[in-house]
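Single chain ahead, written as structure tokens, the form predicted alone.
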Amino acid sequence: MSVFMDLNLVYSPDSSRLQRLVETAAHLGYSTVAINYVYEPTAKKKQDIPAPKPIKDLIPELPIVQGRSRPIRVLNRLTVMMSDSSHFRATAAEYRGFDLLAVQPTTEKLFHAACMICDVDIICISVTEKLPFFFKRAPVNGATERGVVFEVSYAAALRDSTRRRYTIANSTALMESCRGRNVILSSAAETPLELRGPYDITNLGVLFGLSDGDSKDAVSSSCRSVVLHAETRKTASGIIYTVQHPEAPPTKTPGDTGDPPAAKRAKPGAVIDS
């Protein structure tokens, strides 16, 4: 049985709406979702990178996934809107609090950098406007070889007919370059009404230019690859993984009273030289 994921549920400060969003995703059969924090720096005003809130504070009780006997898994994700190369800082300590890291480049030069250099898990494709550049095979293949995936979201296509045209046009152009490899389909939903079931998204992927098999992978196995890639990225390519454990008190062997051994004890009546 396939494990379906939606790695883009837009964060909302309204915890009740966010909880309804996660509950709807679980009811539709998604086993894993990601709460997406969008960071859009500007040149005029300095903005701080948002800090992810603990999942237990946002959703006190995780809902059970439809058709399964376990609760839904909720991850934290950060998406950086790149309109300048300085907007993404690979060594920023604030990135470490997120499970997934994504960027959305706005120019061809930034798209090339995201594919070839940026240490991220997901490259988002804009669906709200016509892209100002064409997808070239070299950077797309470079991202594929590095294990980075491309994301196409569908919620904008449900809100407006113009955005629907942009979504189909941009996604079709992407599929022609990547040939359906390393692509995930996410909702970018802000309300429960914008969520669709995984089998509906599989049919939607065909409209975007994916084959039947690639479309199913875009909501299942490719998403799982993203999660594994993120875990590897955070553990120094899977080589080093450090965990800080609290210091345990020294253990005593049975019969240990803290006294010195019998051989080192002073004998009764013995004279000790000063």
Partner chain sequence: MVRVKSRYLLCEINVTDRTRLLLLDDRAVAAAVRAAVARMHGDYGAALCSIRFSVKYLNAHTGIVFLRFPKRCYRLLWSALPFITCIETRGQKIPCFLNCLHVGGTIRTCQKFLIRYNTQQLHRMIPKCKNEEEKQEIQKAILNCTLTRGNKVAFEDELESEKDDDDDEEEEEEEEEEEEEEGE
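Numbering follows the first chain given and starts at 1. Please read these numbers as outputs of a predicted model, since none were measured by experiment.
In what follows, reference is made to the form predicted in complex with its partner chain, a form of this protein that is not presented.
Inset, instruction - Using a 4.5 Å heavy atom cut-off, state whether T32 contacts its partner chain in the predicted complex. - result: The answer is no: T32 has no heavy atom within 4.5 Å of its partner chain.
Inset, instruction - Indicate whether its partner chain has at least one heavy atom within 4.5 Å of a heavy atom of A51 in the predicted complex. - result: Flag for A51 set to no.
Inset, instruction - Give a yes or no for I64: in the predicted complex, does one of its heavy atoms lie within 4.5 Å of a heavy atom belonging to its partner chain? - result: I64: contacts its partner chain in the predicted complex.
Inset, instruction - Verify the contact flag for T162: yes if a non-hydrogen atom of it lies within 4.5 Å of a non-hydrogen atom of its partner chain in the predicted complex, no if not. - result: No - in the predicted complex, heavy atoms of T162 and its partner chain never come within 4.5 Å of each other.
Inset, instruction - Report the residue, out of L193, A138, A169, I117, that has at least one non-hydrogen atom within 4.5 angstroms of its partner chain in the predicted complex. - result: In short, L193.
Inset, instruction - Check each of A157, V80, V74, V149 and return the one that places a heavy atom within 4.5 angstroms of its partner chain in the predicted complex. - result: Here the answer is residue option A157.
Legend entry - Interface segment, criterion being heavy atoms within 4.5 Å of its partner chain in the predicted complex, picked from 126-134, 176-184, 100-108, 198-206: One stretch meets the cut-off, namely 198-206.
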